[in-house]
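Only one chain is given next, in structure tokens, and it is the form predicted alone.
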């Protein structure tokens, strides 16, 4: 097994909480490789059908894991996806669950064209902390952290916190 010089980071949370914005900026600041699982799936057609109710493709989780396996072993990856419990636990050294106030989230999802059941189910997912609970069950609780993502200032604070964690990880593991 390869020894990682840089950690893998999972950014997760309900759609609309700011994972992509945070992940892209984090990659730019740190030189880590950013992967948006939704984009990866679209590019590689890693789907297993179509969900008529939510009007979206169904992710083929096994194929996504197969696609990412080699990249993850070397470390230095930022993975962005709203689901988190299908990734192998060994892949990540830290998991950040972004959280957003329900009013903000509702507006963001409406702006993306979410309506009806899809809109309400995603807001309820945030209210009931569904993604956070999935992360706590799927990974060692010590590596799962919640980050607020409501205001533009939160983005900068979150970036600073993650960069600080990354620098400490690098000192401790190299």
Ligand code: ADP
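Residue numbers count along the first chain shown, from 1. Note that the coordinates shown come from a computational prediction; the quantities given were computed from them, not determined experimentally.
Same protein, other form: the form predicted together with this ligand, not shown, and the subject of what follows.
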Completion exercise
Checking 112, 42, 29, 117 against this ligand in the predicted complex, the residue with a non-hydrogen atom inside 4.5 angstroms turns out to be 112
Problem - Non-hydrogen atom contact residue 63 with this ligand in the predicted complex at 4.5 angstroms - result: no
Practice task
Would you check, heavy atoms only and a 4.5 Å threshold, whether residue 108 touches this ligand in the predicted complex?
Solution key: yes
Handout entry: Partner proximity in the predicted complex: residue 17 to this ligand, non-hydrogen atom cutoff 4.5 Å
Key = yes
Handout entry: Heavy atom of residue 155 within 4.5 Å of this ligand in the predicted complex
Key = yes
Exercise for the section: Output the sequence-ordered list of residues from 40-57 with at least one heavy atom within 4.5 Å of this ligand in the predicted complex. Expected result: none
